[in-house]
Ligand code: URA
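Heads up, the chain below is alone and in the form predicted alone; it's given as structure tokens.
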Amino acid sequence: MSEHALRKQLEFYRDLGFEELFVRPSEAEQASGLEDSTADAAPGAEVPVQRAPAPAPPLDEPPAAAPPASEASSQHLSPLQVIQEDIGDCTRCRLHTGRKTIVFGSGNPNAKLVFIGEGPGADEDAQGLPFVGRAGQLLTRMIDGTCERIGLPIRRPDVYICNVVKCRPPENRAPELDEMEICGQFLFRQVKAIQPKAICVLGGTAAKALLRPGVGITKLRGNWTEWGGIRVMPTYHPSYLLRGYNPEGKRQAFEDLKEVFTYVYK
């Protein structure tokens, strides 16, 4: 190998972080070292055998390739993070054309209770978090207030909240069936990854996506059903409760949440 090629190889190993390279001694050098140590040893003493340092990789061979970054990083991701990585910069349905951010979900990844809504609104699309607008603020008060009244130390961060679709539908319209089916694969994976004791679906659209009922949310709410072996309680969406003066709807929603939290945590 020429001096120039050798210099290039040494620079290559330096850039990789190697600070020292060891070269295997020749047989003559090993024999000479052994004779010196034998001469210095006391009569009858056990003579240690010198071993040559492990050889460095041949300079003409590149180091072994590292595993792909995506493969290596996925080994350290939680199940929910793996799902979120699989979604990526999703363009699987038409909803991606008008969104700013994908709203995956938030809360305790080991929650015993999961709330599922319809889809992100303008505030959620801007912040990338579910239920942060007016409806989300009401949901927070409903969760915290219900638990406080029945003596549970549970608050919103203790549950998990997500939506059927992860991108904001234009003009806040209801997601269409094909959009819910495409995004539903990730929703179902989320629920399976969390493995909650119960699910609370918020509103008719979420109930339709999860349960495919033949009746509306008014008749469905307050009645336990099941999905995938998990008990499900449908109730009103907070945005419905914000429409005008609706004390009866709020009372019913409170009763639904009271039953859910009592079942899950007591």
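Note that residue numbering follows the sequence shown and begins at 1. These numbers come from a predicted model, not from an experiment.
The protein also exists as the form predicted together with the ligand; that form is not presented, and the subsequent description refers to it.
Interface residue remark: Phe131 is counted as part of the site for the ligand in the model of the complex, having a heavy atom within 4.5 Å. Although the partner is absent here, Gly107 is not a contact residue: none of its heavy atoms lies within 4.5 angstroms of the ligand in the model of the complex. Contact between Arg221 and the ligand in the model of the complex is not found at the 4.5 Å heavy atom cutoff.
In the model of the complex, none of the heavy atoms of Lys208 sits within 4.5 Å of a heavy atom of the ligand.
Across the options 113-121, 144-152, 76-84, 191-199, residues that bring heavy atoms within 4.5 Å of the ligand in the model of the complex belong to 113-121.
Taking a 4.5 Å heavy atom cutoff to the ligand in the model of the complex, the one contacting residue in 162-200 is Asn163.
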